[in-house]
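In C-alpha cells, one chain follows: the form predicted on its own.
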C-alpha cells in the first residue's frame, strides 16, 4: 500500500465574527463564564445568503488553485457535514461537484459528525489504492442553523466554517498518512444528536426546526477517555513515543476537554494545537481549519509527525498519523 498525502489544504470562514460579549447582550451569560467553561472567545457565523455548500465551494476553489489541480481531474469528492444543504438528499457533495464542474468525480457525503474529516482522510487513502486520481476531502459545517440560540449551554459552543484538502499519492513514499484508527461506540448514540428524520413520525405539513441536543457531561466523559486512547494506540502501533510526535491536532470541541486529555496523557499542553478560542466548535471542519491555521502560522514543516483526533456523535471517533 503506497502512502497518500495532503497536497494542499484551504479553509473558509464567514465574515461575521461574534465575540462572547455580543452573545451576552441577548443571553444570561458573560464573557468570563463562556471562557472559563469552554475556552471560546469568538465564533464565525454564516450570513443568511450562505449555505454549507457555498462555504465548502469557497474552500474547494481555493485549494484547487493552490495545488493546480483541475476539477475535471478529481476522482472523488468526500464531504463531511452534520448540516447538509438538503435533508437527506441530494448529497451536499453532489451540490459541490456540480458547482465546480468536477464531472468525472464520484460524490458522496460522510455522516461521522466531528470525526468526519478523520474518516474522510482514511476513506480517500483506501480508494486511491485502486483509483489513483486526486481526491477532494471537504468538511463544511453550519451549526448556527441547528442551534437553539436561547439555550446558553449549547449556543455558545458552536461556529460555522469549512475546509477542503486535496489528496495525492506521496511524491517520495514517506510523506502522507501512515495509519488511521476509525472506531465508533454506538452505546452513546443518543447523547449528541440533531432531532428529526424518518425515525420520528410527523405529517408532511409539520414544520419542526432541526435543533442540536447534547448531553454535555456524557460527551465530556467520552472525549477525555478516547482522545488519549487514540493517541496512545497510534503511537504504539507505529513504535513511536510522544517525543516523536511534533503536533497533536484534536477536534476543537472545548478547551477543557483538550486540557484534561493532556493531563491524562502526562503530555505538555503545548504539544496540542488549540485554536478553539478563535473559531469555537466547527464540528468536522475544526481539524482541517486548525491545519490551515497552523500552516498560516508557519507551524507545519515537511516531515513533521502529526496525530489528528476526531470525536463526536454516533459516538464516532478516530485519528490519523500523518507525516506532513
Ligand code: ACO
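Every value quoted in this text rests on a predicted model; they were computed, and no experiment measured them. Residue numbers count along the first chain shown, from 1.
One more form of this protein exists, namely the form predicted in complex with the named molecule; it is left out here, but the text below deals with it.
When contacts are judged by a 4.5 Å heavy atom cut-off, residue 29 counts as touching the named molecule in the model of the complex.
When the named molecule is considered in the model of the complex, residue 158 lines it closely, a heavy atom lying within 4.5 Å. In the model of the complex, no heavy atom of residue 133 sits within 4.5 Å of the named molecule. Contact annotation for residue 144: none of its heavy atoms lies within 4.5 Å of the named molecule in the model of the complex. Checked against the named molecule in the model of the complex, the candidates 256, 271, 66, 264 yield a single residue with a heavy atom inside 4.5 Å, and that residue is 256.
Of the residues given (214, 181, 71, 95), 214 alone sits with a heavy atom within 4.5 Å of the named molecule in the model of the complex. Heavy atoms within 4.5 Å of the named molecule in the model of the complex are found in exactly one of 181-189, 217-225, 237-245, 168-176, that being 217-225.
Residue 311 is the only one in 291-311 with at least one heavy atom within 4.5 Å of the named molecule in the model of the complex.
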